[in-house]
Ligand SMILES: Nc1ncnc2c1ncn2[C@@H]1O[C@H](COP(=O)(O)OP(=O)(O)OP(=O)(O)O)[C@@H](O)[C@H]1O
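In the block that follows, a single chain appears as structure tokens, in the form predicted on its own.
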């Protein structure tokens, strides 16, 4: 029996009276992409923070490839192969694209060894940024800032990649580049957990979908079955999201 790469079990988190995670459990296998959706304030980013180690859960566990990460911080988890991108890209504006990615690659040294420059360049090639390697990152358009955010995470050599709304704000002509990038990472064996409000982009890639509302899992499974779920339609698809081809909003 294949053991999932990531196992999240019974995770709970509250801030005062506000519950952002209540008994959240899910699994992701290597080379699988899980989409994470829900209305604003549902607890999606908090859940990614808990998996990445930037926030500590009040209860529950996070296990990667059989190793319990629950008490480990973000740096230790990064060493073990957990990487993430953020909703708002914040590159080091005074550095070039290549130098930004080199910073990410340097954090993988203890686990990978070898030449950080090779890892940085590979990340640029995978994300389509090799031609912009010498460009000051502060001058990038939004699409390239989003790709740079992924490249910096990818340069650490992750087994698990956590993505937070990397399609947000992009045009319809730009979206296929992001979708193709995530698909390539998944096909290369990287496990992906992707928060996204641009549903048609998400549904083009993910193998399964999980919907959160008020910190609770209200549906998970086949993406199109989850989208059709009456609970999901009521709490999520009635909110401000893009339309899904073939689905009623």
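Source: prediction; values computed, not measured. Numbering follows the first chain given and starts at 1.
Below, we turn to the form predicted in complex with the named molecule, even though it does not appear here.
Partner proximity in the predicted bound form, defined as non-hydrogen atoms within 4.5 angstroms of the named molecule, places exactly one of 63 to 71, 198 to 206, 33 to 41, 217 to 225 at the interface: 33 to 41. Residue in contact with the named molecule in the predicted bound form (any heavy atom within 4.5 Å), chosen from 96, 87, 116, 177: 87. Proximity of residue 55 to the named molecule in the predicted bound form falls within the 4.5 Å heavy atom cutoff. Among residues of the shown chain, residue 45 is one whose heavy atoms approach the named molecule to within 4.5 Å in the predicted bound form. Residue 233 falls outside the set of residues with a heavy atom inside 4.5 Å of the named molecule in the predicted bound form.
Shown alone here, residue 165 lies within 4.5 Å of the named molecule in the predicted bound form, counting heavy atoms only. If you take 11 to 27 and check each residue for a heavy atom within 4.5 Å of the named molecule in the predicted bound form, you get 15, 18, 20, in sequence order.
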